[in-house]
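Just one chain is shown here, as structure tokens, and it is the form predicted alone.
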Amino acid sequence: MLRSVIKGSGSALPKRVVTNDELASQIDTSDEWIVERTGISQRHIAGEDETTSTLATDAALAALADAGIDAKSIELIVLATATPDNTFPATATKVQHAIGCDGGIAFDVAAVCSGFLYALATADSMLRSGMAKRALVIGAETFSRILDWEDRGTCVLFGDGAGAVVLEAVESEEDGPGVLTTRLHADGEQHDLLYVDGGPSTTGTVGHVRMKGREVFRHAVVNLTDVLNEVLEDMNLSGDAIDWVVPHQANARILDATARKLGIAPEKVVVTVDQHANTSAASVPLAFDVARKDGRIKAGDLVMFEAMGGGFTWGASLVRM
């Protein structure tokens, strides 16, 4: 069968690191308050010369180098972001030009923190249909540009960064590598629990992130548990068959609660939220790249990706390495 196989991964982070103590010197918060409620110790914040496209380009080039693949062979780029460089054109086209593979397919996907999973599923479908042979799937954000730095309930939660994977359509055996199954959902009724209060056709401004944290937490645990069970049922597997869970890095308490509900051992959950905070669409590929590069995720492992974000959108994908 034809499957989309991950051939390489890469990531990029802004140079500036902002600790909780630095934030505490600017707003009414503390390192203890942030760590207790979120598990976050620091985050990376983009400088003036760093944009979503530059971070995405650096992550893409790192993924190509890891895969040993020439950028000119990439026929498809799907970039997930809620913070594009411009309203249009798609940030993916800027990355395409920067890495030197003009002429193929390149577009953005907007599903906020679930964006990477939506992008992965889109690229997987296109590769399996024969529209392309090789793809870059990227999650990249400069969320710091849409934060209200006087709102301690949101500004302490987010950071900037990018992660990318190279996908290749490969004939695979049933027990071979590749994207095995993906489940995606959305619920527009929950719009007002997590959103940005601006946009081109409403306010003509970028706006700021607004969130009702307690309600988001409750929905996240329920929705993520449900979608992870859907994916396991698709493959007739139980939670203990999964080697690694690479979740959206929103909040350490959400990660813990979801793992407990599924009976997944905490040591199987890749956690980077303490170092990167919530990087929205970038968080899953960033965490995945960290766990691959430090040797935890190896060939043959069953890896579960999962995320939930504004919209609400949520999903999960099971991949064999």
Ligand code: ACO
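Worth saying up front: this structure is predicted, and the values here are computed from it rather than measured. Residue numbers run from 1 along the displayed sequence.
One more form of this protein should be noted, the form predicted together with the named molecule, which is absent from this view; the next part is about it.
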Could you work out which of 253, 260, 296, 268 is the residue within 4.5 angstroms of the named molecule in the model of the complex, going by heavy atoms?
253
Assert contact residue (the named molecule, in the model of the complex, non-hydrogen atom within 4.5 Å, options 156, 123, 106, 169) equals 156
Does residue 185 reach the named molecule in the model of the complex, with heavy atoms at most 4.5 Å apart?
no
Given that the partner is absent here, does residue 231 sit within 4.5 Å of the named molecule in the model of the complex, heavy atoms only?
no
4.5 Å heavy atom contact, residue 208 to the named molecule in the model of the complex
no
Does at least one non-hydrogen atom of residue 29 fall within 4.5 angstroms of the named molecule in the model of the complex?
yes
The named molecule in the model of the complex: contacting segment from 287 to 295, 53 to 61, 260 to 268, 37 to 45, heavy atom within 4.5 Å:
37 to 45
For the three residues 6, 134 and 165, verify that every one has a non-hydrogen atom within 4.5 Å of the named molecule in the model of the complex; reply yes or no.
no
Who in 207 to 240 is close to the named molecule in the model of the complex, meaning a heavy atom within 4.5 Å?
211, 213, 214, 216, 217, 220
